[in-house]
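Below you'll find only one chain, the form predicted alone, shown as structure tokens.
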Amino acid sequence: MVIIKLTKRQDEILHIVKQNGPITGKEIAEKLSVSRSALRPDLAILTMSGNLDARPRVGYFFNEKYAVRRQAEKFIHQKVANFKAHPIVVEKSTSVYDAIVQLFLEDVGTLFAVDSEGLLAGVVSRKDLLRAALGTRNLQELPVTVIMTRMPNIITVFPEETLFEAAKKMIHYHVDSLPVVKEVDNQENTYLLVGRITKTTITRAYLELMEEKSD
């Protein structure tokens, strides 16, 4: 589906039909103080594009289903850069005990381990920490480097990728969070951590876009 950029008058027509539909072309023209002939091309565009439905001798209706599809299409093209959150990080030398404390203080499901330069070193999930806690080792002496997922097994996402692409990665790899990264001097598997995207982030973004007034 291709989203058509509407003119100001076409937006006004949609608003009128949404508030007053079914409504005739004559009534719309009167509300806009224009002639029916001047309005005819706009109504034709809105009808052919699916924004409006028209019934003979009844009038024009606002197409709610099309509006939903338009908002869904907008979501597909939204960039990760516009919705990423601040990453919750720990130094890779942090103990598992301190990582567990950090996890609950921040109320997140994933921590990102970084080195002294802020480069992504690993990912530590709630499951990783729980598994470690069930073991017999001293959690204050056990570093997260022992239990974290390392490169090249970390699933990442770049700021220029879309929320839709991020969502597909989460579903495909069965993860709840992705580190948002940037490449460092074209070095393989070396990334600067710049944010995070979670399933909650994507769900919230989708709902916000769906609740917006259609363009």
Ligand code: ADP
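Residue numbers here begin at 1 and follow the sequence given. Only a predicted model underlies this, so the values are computations on that prediction, with no experimental measurement involved.
One more form of this protein exists, namely the form predicted in complex with adenosine-5'-diphosphate (ADP); it is left out here, but the text below deals with it.
Contact annotation: of the candidates E64, E30, E160, D176, the single residue with a non-hydrogen atom within 4.5 angstroms of adenosine-5'-diphosphate (ADP) in the predicted bound form is D176. Contact check for I154: a non-hydrogen atom falls within 4.5 Å of adenosine-5'-diphosphate (ADP) in the predicted bound form. Contact between D128 and adenosine-5'-diphosphate (ADP) in the predicted bound form is found at the 4.5 Å heavy atom cutoff. adenosine-5'-diphosphate (ADP) in the predicted bound form comes within 4.5 Å of no heavy atom belonging to V90.
The shortest heavy atom separation between A99 and adenosine-5'-diphosphate (ADP) in the predicted bound form exceeds 4.5 Å. Per the 4.5 Å heavy atom criterion, adenosine-5'-diphosphate (ADP) in the predicted bound form is contacted by stretch 117-125, the sole one of 91-99, 78-86, 135-143, 117-125.
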